[in-house]
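One chain is shown next in C-alpha cells, namely the form predicted alone.
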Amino acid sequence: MTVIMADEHLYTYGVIDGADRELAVDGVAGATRLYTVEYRTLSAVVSDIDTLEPEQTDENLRAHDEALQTIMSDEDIEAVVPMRFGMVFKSARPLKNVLRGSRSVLTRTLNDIEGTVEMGLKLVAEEGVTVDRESVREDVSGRLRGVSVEETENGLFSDRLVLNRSYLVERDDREAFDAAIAGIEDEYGGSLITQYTGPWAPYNFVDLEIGVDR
C-alpha cells in the first residue's frame, strides 16, 4: 500500500492498463521512484512532487521522457497513454476522478496503441544540395508503409528539412522498420542527413485532451 504524504502532490506521466506496481526510476523534480494510482482497470503512473507547477527545465523534460521510456520498456506493460509535461494533481482523489470520467476513451486509446511505439524520422538536405522533395517523400512512404501502422506529418520548420514524420510501429516490427530506415540512409546518404529517433511514447497518435481538476 502506497502512503502519500499530505504535502506531496502527484506528478502524472501516463496511464496504463494494469494493477499496482512500482518502478525504481528517476522522475521529475528529483523523484526516485514511480508508482501507480488505480481506478478499476486503469492505472496512472505518478511520482511525488511538492509543487503544482514544476519547472520546465531541460532536466525535468528529460526526466519526463526517460520515465515514459522506462515504462514502455517493461515487458508487462503493453501500452501507455502519455501525459503532457507538467500534469500534476493535488491528491489521489482528483486523479481518480479523471480516470473515472475518461475511462472509456482511455481504455479505447490503450487498445488502439497496444504493442506499439512511436519513431521519428527527419531528412535534412546537405548544405547546397537540391533534391526532388516530393519524390523523396513518396519513396519514403512506400518503403515504410508496410512496416508501420500509421504515419503523421510534422512541421517543416527549416528550408533544409525535406521530411519530418512520426511513425507508429509495432514492437514486433521494429527490426524490419530499422532495416527500412537503413535502406533510406543508404539511398540518400550523399544528399540527405538522416535523423532517426525513438522509441517514444505515442504522443502523435493519441487524440486525447485531459484536463486537471485539482
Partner chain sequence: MTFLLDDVLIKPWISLVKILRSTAIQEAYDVEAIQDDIKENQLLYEIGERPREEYEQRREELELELEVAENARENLSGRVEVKQ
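Residue numbers count along the first chain shown, from 1. Predicted model, so just to flag it, every value in this text is computed and none were measured.
There is another form of this protein, the form predicted in complex with its partner chain, and it is not shown here; the text below is about that form.
Contact with its partner chain in the model of the complex, defined as a heavy atom within 4.5 Å, is made by none of Glu22, Arg33 and Ile71. Its partner chain is not drawn, but in the model of the complex it has a heavy atom within 4.5 Å of Arg160. Using a 4.5 Å cutoff between non-hydrogen atoms, Arg143 does not count as a contact of its partner chain in the model of the complex. At least one heavy atom of Glu127 is located within 4.5 Å of its partner chain in the model of the complex. Mapping the unseen interface onto this chain, Asp172 falls outside it, with no heavy atom inside 4.5 Å of its partner chain in the model of the complex. The single residue of 40-69 lying near its partner chain in the model of the complex is Asp58, the criterion being any heavy atom within 4.5 Å.
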